[in-house]
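What follows is one chain in structure tokens, specifically the form predicted alone.
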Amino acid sequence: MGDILSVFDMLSWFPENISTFGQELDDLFAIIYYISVAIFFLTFGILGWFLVKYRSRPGHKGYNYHGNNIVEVTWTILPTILFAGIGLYSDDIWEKTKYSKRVPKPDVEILVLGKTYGWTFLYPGADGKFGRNAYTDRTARALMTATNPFGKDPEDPASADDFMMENQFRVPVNANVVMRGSSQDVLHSFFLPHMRVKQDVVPGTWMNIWYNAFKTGTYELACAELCGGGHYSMRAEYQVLSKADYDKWLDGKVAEVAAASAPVAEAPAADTTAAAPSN
């Protein structure tokens, strides 16, 4: 019987939580879920009772009922109190996860762009800071192209070491990760189910997304907004790494960028001078 009831418990369908604020969101969902279940059974229980009690029967005459002010005021006031209570209870966690003023100082900062149909990520390079791009300078949006989606300014030396990744990203465990999200084309939704994060990303603006993971592993990123015929394929993965593994990975990416931008040494010209004939 317990197994049968567990099928109807939506909370058991949740993916594992790995976010420091995820439990608060799960608790909020549980409260709303169980209140909704209770109201459902109460409402339909009363409806069923009325259907049976006032069913058509020989010798019983129906009559019109024009309402009751006390009942109508009651079913107006009670939902108002309920919704206001849920709003007050959820205000702090809503501010913590969504308000710009509550976004913590980032240990890691990443830019993310949604596009039909995929995700692109930009990391700051060895200096730990972004150079001029469409996020740091709105006028740099004019530089955004298919090959330069973030509008990196090639004339800014600070942009040279910033590197991009497609449909995957990595973050360290136990660190405040702040992502700035936008879109190249239509509305997308940046959804990390295990992190309890879902944020619409809108063309022309940058949305704050932050989280702190307490468990390492490989997890899914999905688009939670119907964005076109290929929406089903707009999935990616991310890894939460230990601090040592993340630093090692980051050092490797920085080295790759440095090697790719290093000038290619020219081979010495061949000596074409004819050798003097020996006597």
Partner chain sequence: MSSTTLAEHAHVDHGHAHDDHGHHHQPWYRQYLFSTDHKVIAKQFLLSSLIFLFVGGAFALFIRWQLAYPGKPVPVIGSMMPDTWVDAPGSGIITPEFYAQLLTMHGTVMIFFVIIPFAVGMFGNFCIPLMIGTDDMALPRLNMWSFWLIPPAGLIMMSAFWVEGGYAAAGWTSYPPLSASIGNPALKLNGQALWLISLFLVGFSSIMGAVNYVTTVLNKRAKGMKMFDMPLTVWALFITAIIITLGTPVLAAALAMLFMDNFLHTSFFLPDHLVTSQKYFGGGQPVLWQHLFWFYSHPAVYIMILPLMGIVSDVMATFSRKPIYGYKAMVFAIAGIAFLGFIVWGHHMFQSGMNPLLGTTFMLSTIVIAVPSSIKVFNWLGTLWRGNIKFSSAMLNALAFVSMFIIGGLSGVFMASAPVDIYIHDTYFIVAHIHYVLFGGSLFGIFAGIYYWYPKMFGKMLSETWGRRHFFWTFIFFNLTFFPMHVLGVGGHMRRIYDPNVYDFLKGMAGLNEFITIAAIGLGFSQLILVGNILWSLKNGRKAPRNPWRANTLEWAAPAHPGHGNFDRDITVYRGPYEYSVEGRDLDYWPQWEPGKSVTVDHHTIAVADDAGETKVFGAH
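It should be emphasised that the depicted structure is a prediction, and the values quoted were computed from it without experimental measurement. The term rigid core refers to the most C-alpha atoms you can superpose between the two forms while keeping them within 1.5 Å. Positions refer to the first chain, counted from 1.
Beyond the structure shown, there is the form predicted in complex with its partner chain, which is absent from this document and is the topic of what follows.
Let me know the one among V108, V197, M165, V173 whose heavy atoms come within 4.5 Å of its partner chain in the model of the complex, would you?
None of the others qualify; the residue that does is V197.
Is it true that G217, Y246 and W249, all three, sit within 4.5 Å of its partner chain in the model of the complex, judged by heavy atoms?
No: none of G217, Y246 and W249 comes within 4.5 Å of its partner chain in the model of the complex.
Applying a 4.5 Å heavy atom distance criterion, does P157 contact its partner chain in the model of the complex?
Because no heavy atom of P157 falls inside 4.5 Å of its partner chain in the model of the complex, the answer is no.
If you check in the model of the complex, is C227 within 4.5 Å of its partner chain, heavy atoms only?
So C227 counts as contacting its partner chain.
Give a yes/no on whether I209 approaches its partner chain to within 4.5 Å in the model of the complex, heavy atoms considered.
Although its partner chain is absent here, I209 would stay clear of it in the model of the complex, with no heavy atoms inside 4.5 Å.
Does the 4.5 Å heavy atom contact test between T120 and its partner chain in the model of the complex come out positive?
So T120 does not count as contacting its partner chain.
Looking at heavy atoms inside 4.5 Å, which stretch does its partner chain contact in the model of the complex, given the options 157-165, 123-131, 98-106, 173-181?
Result of the contact check: 98-106.
Could you tell me whether the Cα atom of N68 shifts by at least 2 Å between the shown form and the other one after core superposition?
Comparing forms between the shown form and the other one, the N68 CA shifts at least 2 Å.
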